[in-house]
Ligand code: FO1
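Only one chain is shown below, in structure tokens, and it's the form predicted alone.
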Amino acid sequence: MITALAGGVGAARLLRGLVRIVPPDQVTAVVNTGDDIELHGLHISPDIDTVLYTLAGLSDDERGWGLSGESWVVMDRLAAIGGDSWFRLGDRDLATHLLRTSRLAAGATLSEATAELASALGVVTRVLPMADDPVRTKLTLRNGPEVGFQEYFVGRRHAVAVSSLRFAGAAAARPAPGVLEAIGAATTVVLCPSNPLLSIGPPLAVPGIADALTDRRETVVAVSPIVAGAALKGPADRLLGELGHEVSAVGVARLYAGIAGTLVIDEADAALAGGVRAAGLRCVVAPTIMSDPERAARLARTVLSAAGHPTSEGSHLA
């Protein structure tokens, strides 16, 4: 059994690789919900939807989010009549949010609504929100106000400097049903190549999750989302620097030192293997850029091999 902490496109692609090499029903994804937003009366869970759409084979890989073959009639009409359209929701994507919102209004939990959506999409991998309780990522802009994640990421195109970060509601939240059990029972736990602060940080802030990882640190394998000093997508590199962390695979290793025993880094960062080891983690050097499903599967093999599974292709312990 494999359990992965996930958020964003990089996580969804690694999960797609994992389910190519192990039975999909043996994988559990614990997904960040700090990005969730209530908009137009709808509850939107972007990271959950990215994972579901990708595992269902429905994602728009070129855009990196949403459904392939999407149309935008509703948003275009909303903009035309003066409505708030800064957060674009595709016509087909709206159906997901309508179903989730109606189920929550009827008393279902986010976990239950997510399971129903997964079933409807034919996803057999278990997809769990990190918590059913609301947790929201908040960023204080340098010389500016505190804003929610989506205003920072979408509204301001993550082009503004940040001075601090917090996860509102995390202290009072509880892990969603099954989360701690999935971490405890897994043969391997994977920290996907997601933004360490914005995608992995929120689950770690929910009481009990970080402790569960620490208890089994030696079998937790993380994948660095920083390659050659930069993020492949999104603001991870800038945000790490703005909040005082080294913008490198070594900086990622230091963030994960207490919860992961191994870090997989890209071949471009092979010279940093010593720094990763100095941070207290084993280091595996391998191709980590998932430009197609086969490369994602190869990275998945590397991750499982690092945790003691059958030998993967194209990696070595550094």
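Residue numbers here begin at 1 and follow the sequence given. Model, not experiment: these values are computed from the prediction.
What comes next is about the form predicted in complex with the named molecule, which is not displayed.
- Stretch 144 to 152 is the answer when you ask which of 144 to 152, 237 to 245, 160 to 168, 122 to 130 has residues with heavy atoms within 4.5 Å of the named molecule in the model of the complex.
- Screening I44, M290, A279, L255 for any heavy atom within 4.5 Å of the named molecule in the model of the complex leaves a single hit, I44.
- A231 falls outside the set of residues with a heavy atom inside 4.5 Å of the named molecule in the model of the complex.
- For L213, no non-hydrogen atom is located within 4.5 Å of the named molecule in the model of the complex, even though that partner is not displayed.
- The closest non-hydrogen atom of T50 lies within 4.5 Å of the named molecule in the model of the complex.
- Of the heavy atoms in L89, some are within 4.5 Å of the named molecule in the model of the complex.
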